[in-house]
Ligand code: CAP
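Next comes just one chain, in structure tokens: the form predicted on its own.
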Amino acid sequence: MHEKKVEWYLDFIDLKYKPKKTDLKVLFYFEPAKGITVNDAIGRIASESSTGTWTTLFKLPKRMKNLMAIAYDLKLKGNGGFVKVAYPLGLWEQGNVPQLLSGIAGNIFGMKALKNLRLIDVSLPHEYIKNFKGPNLGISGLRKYFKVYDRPLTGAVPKPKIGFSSEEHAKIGYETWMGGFDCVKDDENLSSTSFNNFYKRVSLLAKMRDKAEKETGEVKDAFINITAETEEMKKRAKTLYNYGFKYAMIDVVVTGTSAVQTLREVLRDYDMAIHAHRAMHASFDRNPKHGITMQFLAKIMRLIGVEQIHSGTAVGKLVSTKKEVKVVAETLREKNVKEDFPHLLDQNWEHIKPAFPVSSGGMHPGLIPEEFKIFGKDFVLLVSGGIHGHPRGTRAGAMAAMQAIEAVKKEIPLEEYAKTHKELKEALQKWGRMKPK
């Protein structure tokens, strides 16, 4: 390096570079800060997320050149644009997602030279993905467990989301199951409280589940939240297994990828599945210009082994567009994802099983046809307030939602089907096709 050169960010740019098969490719949206050129910005992205630092150094080992990330594909847009960065495989520890995030989703978001930076997607090569096992059961395993093949799996949270006692929670769960739903669900902020102890809740729900299965002849289960310190999560997972539940629910963002990787191995030994709640996701994926995307979060969660993750609805109470929801669903379900600039990079999932997208947040029977149009039939449909708020209670509300599903399958408009199904009729009279805000 020239002795008068102070910075070396531009060394991390080669717009003629052709990525190797073993490179990890990452797509970023970026906007330089005032006074920073486009090249200065993209050079900093590649440098700070790999082997760089802010100034030239006295001496570097020869291997460093082979570990540098390279910004290689630039498409300008407005005050910034999109850039692809290729990362040599040697940068990454096998099977360690936390380390990957510390690189491609780490310090780069705090650099003063960037006004905005958004990590859109990553394309993972065979040599990286081979070190992960993905979901234990996947979509096909869960469908086989429930013996449900022609509709989404269904679930509901007792609402309000927290405040019920263990006994009240279990009774609402029973009514939900008896209305035809497959699963009862804890919400993200319910773990173990003075009024609703985890272990007591599990015991009571197991009794109600057994009763509902005996009375309906259907398989019933629950997404019970084990989120806590990691060793306690292991203990709670074993309790769920001992009581015959097929799932454990984890707030995967707040617990972190490390805890999810650990629990995936614990639950594999129990032949159980992970229901992933995405609580806290919007703190870094809501701003379309900065942070990371929901499909990137979904991708790393599929990689490390969740069976299903909340993905938005596009029509409910939470922020998401139809395009975003479909992109997340494609990331989770497809074996071979084709590049769809500027939303997706290519991805061959190889041995990694598909996972369910989960539709949740402000759903009710009148919105179910729209969710089928967005997702098809391979998703998990959570309708909570939209069943518990039914004029005749939870059981009738669950029945109304199941009737809406039947109407879609039979290609009959809801209003027409409601003429001979009173629970659906009553739900439509209350909510119609309204979209909560």
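Note that the structure is predicted; figures quoted are calculated from it, not measured. The first residue of the shown sequence is 1; numbering continues from there.
Another form, the form predicted in complex with the named molecule, is not on view; read the next lines as being about it.
A single residue from the set Gly362, Gly103, Gly95, Gly141 has any heavy atom within 4.5 angstroms of the named molecule in the predicted bound form; that residue is Gly362. Taking Pro32, Gly43, Gly52, Gly385 one by one, only a single residue has any non-hydrogen atom within 4.5 Å of the named molecule in the predicted bound form, and it is Gly385. Contact check at 4.5 Å (heavy atoms) against the named molecule in the predicted bound form: all three of Lys159, Glu188 and His277 pass.
Remark: of stretches 165 to 173, 236 to 244, 353 to 361, 201 to 209, the one touching the named molecule in the predicted bound form is 353 to 361 (heavy atom within 4.5 Å).
Within 4.5 Å of some heavy atom of the named molecule in the predicted bound form lies at least one heavy atom of His281. Although the partner is absent here, Lys220 lies well away from the named molecule in the predicted bound form, with no heavy atom inside 4.5 Å.
Of the heavy atoms in Arg302, none are within 4.5 Å of the named molecule in the predicted bound form.
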